[in-house]
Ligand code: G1P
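The chain that follows stands alone, in the form predicted alone, written as structure tokens.
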């Protein structure tokens, strides 16, 4: 089974971290976002993938070739950011040549927890969906008789709460390629971009059947707050604690074996990266990147990037009634 993983996005909502690192390489619960995705794909039987890169794509390629040798990966460059449909179209030469061979597409910032093995045996095209309260920032699926009848990208007035969450099983990639070619060659843009949703709708209009599969364990990593939320979920599932003299750990946490920590309280929901140094600190609900130094601070709901230096001082006060103290 072959997969396409588009990771060309800039990740503007995750700045300043994405000024120096593509968002799919941000550390969540002890490994990059992309690492969680690849490990899950390989565990479910996907053996090869085309990774569509753009922004700092050389770092993505170096990471995959170094740490994920079990996946046979090739890389194509999306020169212009013209939408998800364009990204998949950019990888068109990697579509299976065997007409009976399916294709799996997964967004590079979507960590998921669902058994894909039954999905990968489906005779129909299948899209991963999740019930959400406000589906307006997603593609939305409308169903009738168990099949998808309509897909709408980021609707102003959604007719359904079934959000398409970035997992696409395509049983007939040939038809998908035909539809993508038509959208790009005829310049059929939606909201300024070539939408994968429009190509899938075109497939439905041509008689291709689409079903859905539920993805309850779906973790978005598009904004700082969702990265921290995903970090919490993953730590609850597979945290990695260490017993360190002089350090109090409150699980769940992930503490890299090479991290140096002293006189600190770590957790809950804290990730400490490789070769990080944490001294005289309290770290909770936060991510500390590789080779960073944190000294004399309390961090909560925080993300510290790689090679960063955060230093401060705890304060001691003796304040009487009706006092007001402001530490700036």
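Numbering follows the first chain given and starts at 1. Here the structure is a predicted model, which means the values were calculated and not measured.
The same protein also has a form predicted together with 1-O-phosphono-alpha-D-glucopyranose (G1P), omitted here; what follows describes it.
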{"property": "Check all three, 138, 165 and 168, heavy atom within 4.5 Å of 1-O-phosphono-alpha-D-glucopyranose (G1P) in the predicted complex", "result": "yes"}
{"property": "Single option in 197, 94, 249, 172 placed near 1-O-phosphono-alpha-D-glucopyranose (G1P) in the predicted complex, where near means a heavy atom within 4.5 Å", "result": "197"}
{"property": "Contact residue in the predicted complex, from 107, 116, 256, 71 (heavy atom within 4.5 Å of 1-O-phosphono-alpha-D-glucopyranose (G1P))", "result": "107"}
{"property": "Options 183-191, 231-239, 116-124, 149-157; stretch whose heavy atom lies within 4.5 Å of 1-O-phosphono-alpha-D-glucopyranose (G1P) in the predicted complex", "result": "149-157"}
{"property": "Exercise: residue 84 in contact with 1-O-phosphono-alpha-D-glucopyranose (G1P) in the predicted complex, heavy atom 4.5 Å", "result": "yes"}
{"property": "Residue 210: touches 1-O-phosphono-alpha-D-glucopyranose (G1P) in the predicted complex, heavy atom cutoff 4.5 angstroms", "result": "no"}
{"property": "Any non-hydrogen atom of residue 218 within 4.5 angstroms of 1-O-phosphono-alpha-D-glucopyranose (G1P) in the predicted complex", "result": "yes"}
